[in-house]
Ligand code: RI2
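Form predicted on its own, single chain, as structure tokens, below.
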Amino acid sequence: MSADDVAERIRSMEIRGAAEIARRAAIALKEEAEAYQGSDLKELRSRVERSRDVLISSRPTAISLWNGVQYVFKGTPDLTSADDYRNMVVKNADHFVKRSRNALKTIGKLGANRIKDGDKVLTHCNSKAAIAVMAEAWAQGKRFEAFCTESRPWRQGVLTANDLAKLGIPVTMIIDSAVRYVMKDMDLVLVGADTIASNGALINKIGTSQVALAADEARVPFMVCAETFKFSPRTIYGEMVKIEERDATEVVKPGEVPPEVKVFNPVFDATPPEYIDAIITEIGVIPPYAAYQVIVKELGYEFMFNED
């Protein structure tokens, strides 16, 4: 599948989930490099870098996509032959995909320690990392109930409900506006992440911040499950996270409201770090304010100051 095809499928939500879009983008870049069998390094660079730009533009908020793509280019600037460049892109892409999948398993094991028998666990949207935590806890023999939000307008909660039901976990799906109503009965909230800023703020599916506020009011632990490649190096030097807004037709059908009615359809919102109890990563369970150290240690200055 070409980078253009992958980008379009990411844009249309056919490929979804922060980690999955990052992996698919890395694979697309690998295949673009492998498809060119010539010896002109300049031509090869041009083709792969064009694909990079197309992929990054498909989902501007998801830093996992940006980090995954940048990882593929590690060590390539100083290469002097097409063969070396191609081999490095392939090697980096394979390593990123393997590392990202292993990260999910580790997050599951670490996060499972936070679930106890008899717990009621609430999740929002469709986070593979949050599901991995619940799956591991269930596999360990812990018996608990899961609650998931519907997550409009794309209703990713339906995916979550199916994922959990297949594992045998008792699951109840609730409408988004019922979060505060049920929160008093919850023991734990687990959500995923699209982006984590250097100050520990969480950018995630619209409605996440409201879930966090309700959890804080009810004194229910609110925990984020996120691979380290979802931390944003770009926020360290002042760049704001762009909140993507999608088409009004996702919310209302054509003709349902008069043309003069405006529809605001943001995909994500920001949850301040003070509402986050911990972030479960593949390198450990950390406080949100440790985000800066994670970015420097795991991603390094090559990521932080790469302005491509």
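Here the structure is a predicted model, which is why all the values come from computation and not from measurement. Start at 1 with the first residue shown and count on from there.
Although it is not shown, the form predicted in complex with the named molecule is what the next lines describe.
The named molecule in the predicted bound form comes within 4.5 Å of no heavy atom belonging to residue 30.
Proximity of residue 66 to the named molecule in the predicted bound form falls outside the 4.5 Å heavy atom cutoff. Not displayed here, the named molecule is approached by residue 127 to within 4.5 Å at the level of heavy atoms in the predicted bound form. The named molecule in the predicted bound form comes within 4.5 Å of no heavy atom belonging to residue 198. Of the candidate stretches 128-136, 170-178, 215-223, 72-80, only 128-136 has residues whose heavy atoms lie within 4.5 Å of the named molecule in the predicted bound form. The single contact residue among 100, 92, 156, 235, judged by any heavy atom lying within 4.5 Å of the named molecule in the predicted bound form, is 156. Shown here without the named molecule, the chain has 192, 193, 194 in 171-198 lying with a heavy atom within 4.5 Å of that partner in the predicted bound form.
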